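First, one chain by itself in structure tokens, the form predicted alone.
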């Protein structure tokens, strides 16, 4: 095994990058980088039926966007290529190793047709009906096999697993796991189309590409004994196995496409920040030694210890992710924030406003960018609102006190020509001091009248500056009318 840690992210190009796939890529990247190792990208495209056009580009774009830069891959030859399985297949590597297993008695040719396979016994494994092969073709003589091959009879190559005894493998999180060989089916290594199965190609590629640590979801735990038997059959060193916990939704069911936030692309479309997504995904199954939850990628590299990965399922909590995203938005450089927020502001507002000013007001008040619309929509048009909104226990306001305040400030605001935030605040502050009121006692009724909302991106005078004199006065008169009604 190599002295340096070598991990691989080996996705199949079948569509968007699922959160579970992103976590695998992230953990593989962090494990390698924490110890100065190599992070490799390998494209596993041998399942041609599931191949989706453009999916490989999504893989590259996601790794680039998240900062998970691979050291080796289809575009960066490190001496272990080709890095695409369909290209590796053209070298004959998989058939070569499958035939070596046949020679050793660890695999055999199977010529059973669909009709015969349909008669086999089935078992339910992890919710799926699996047919159990009965080793029928293992009894074929060498002459029988050669005759069938010469006649061009379709075949697969199967792994030969004994019916007796046990197989033990070690996982870094789950420890030693022993299974009865009788529970292991003779899985197919080479399919009838000549392509290797996912499981066999994985083993061959991981060994020939010198992978030291294999990181994958714990749904592959049940397949691991078969992998280990292949390694042992070849006389190869078994890599370090790290099986990751399941990611579930809030109802503790496997995170699915129906959840609406199962892929990296879904989350970007919903207004999440890439850095926040990476940070949150890192915590789906792993916890640092301290209670800190906000990490840059460099900090994750420094802190990440795979021994602290949990075996328990990780719950994808969209509320927690939104909170974290809000923290990243607050800390964002304003120019970058404004650039990202601009399309949302333009979509939400049809009238002409100082959008930079509005962006500064909303930056600390949103969790995801689509929140902007609900915060600023009142600027274009005053919503219909209930006068109960004028009542605020902390400010000691109600409909009656608010009506009195609005009637008193209306002539002051009518006489005011300078409608900048500072000038408006100064004139209203003088009114507050003259009357001996508290700020909120005056500002709450005004803010309610000019916004018609409980939550706004700014205070009363900031909103009035954006609206201008005419619209501000129109809304205050409307508030007086509502309260008088």
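Numbering follows the first chain given and starts at 1. Remember, predicted model here, so these are calculated numbers, not experimental data.
The discussion below concerns the form predicted together with a small molecule, not included here.
**Student:** Wondering, does residue 47 line up within 4.5 Å of the small molecule in the predicted bound form on heavy atoms?
**Tutor:** It does not: once the small molecule is placed as it appears in the predicted bound form, residue 47 has no heavy atom within 4.5 Å of it.
**Student:** Decide whether residue 10 counts as a contact residue for the small molecule in the predicted bound form under a heavy atom distance cut-off of 4.5 Å.
**Tutor:** Yes, residue 10 is a contact residue.
**Student:** At 4.5 Å between heavy atoms, is residue 220 in contact with the small molecule in the predicted bound form?
**Tutor:** Looking in the predicted bound form, residue contacts with the small molecule include residue 220, since a heavy atom lies within 4.5 Å.
**Student:** Answer yes if any heavy atom of residue 215 is within 4.5 Å of a heavy atom of the small molecule in the predicted bound form; otherwise answer no.
**Tutor:** Yes, residue 215 is a contact residue.
**Student:** Counting any non-hydrogen atom inside 4.5 Å, which residue from 198, 369, 174, 378 sits next to the small molecule in the predicted bound form?
**Tutor:** That would be 198.
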